[in-house]
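To begin, one chain is listed below as structure tokens, in the form predicted alone.
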């Protein structure tokens, strides 16, 4: 598993979007903190999606904070991928990992 290099974020706090902030941590784990307007109904599914994306991108040692305003799954996935790429200063995007 890979570590991200620095803190990064993606998204907005607009309706139907999500603001995602990530940062490296010392422990070999994935921490997810979620605040969502639909958490009661979809909170577990959102957390599962976040964990899946992080594992697909082969990342660990990461803390993720999500402020969701009713974003669809593909929006959350794209915001998280963008934040991870920014945190690693990836100039060459590995499209097969996305």
Partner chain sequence: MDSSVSFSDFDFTNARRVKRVEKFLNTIGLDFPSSIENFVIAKDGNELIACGGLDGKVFKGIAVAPRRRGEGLILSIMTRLINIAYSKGIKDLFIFSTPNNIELFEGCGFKLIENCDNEIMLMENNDNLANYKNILTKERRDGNVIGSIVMNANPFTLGHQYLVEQAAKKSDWLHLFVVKEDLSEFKFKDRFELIKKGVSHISNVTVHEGSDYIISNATFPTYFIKDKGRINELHAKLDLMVFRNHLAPALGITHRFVGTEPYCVVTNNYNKNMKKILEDPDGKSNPIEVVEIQRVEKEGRAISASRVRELLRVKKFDELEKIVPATTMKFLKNM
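Numbering follows the first chain given and starts at 1. Since this is a predicted model, take the numbers as computed values, not measurements.
Below: the form predicted in complex with the partner chain, not depicted.
At 4.5 Å between heavy atoms, is residue 89 in contact with the partner chain in the predicted bound form? No, residue 89 sits far enough from the partner chain in the predicted bound form that none of its heavy atoms falls within 4.5 Å.
At the 4.5 Å heavy atom threshold, is residue 7 in contact with the partner chain in the predicted bound form? Output for residue 7 is yes: heavy atoms within 4.5 Å of the partner chain.
Does any heavy atom of residue 33 come within 4.5 Å of a heavy atom of the partner chain in the predicted bound form? Taking the distances in the predicted bound form, the answer for residue 33 is yes, it comes within 4.5 Å of the partner chain.
I'd like to check something about residue 69: if you look in the predicted bound form, is any of its heavy atoms closer than or equal to 4.5 Å to a heavy atom of the partner chain? Because a heavy atom of residue 69 falls inside 4.5 Å of the partner chain in the predicted bound form, the answer is yes.
Would the partner chain be touched by all three of 13, 21 and 65 in the predicted bound form, meaning a heavy atom each within 4.5 Å? Yes, the whole candidate spot contacts the partner chain.
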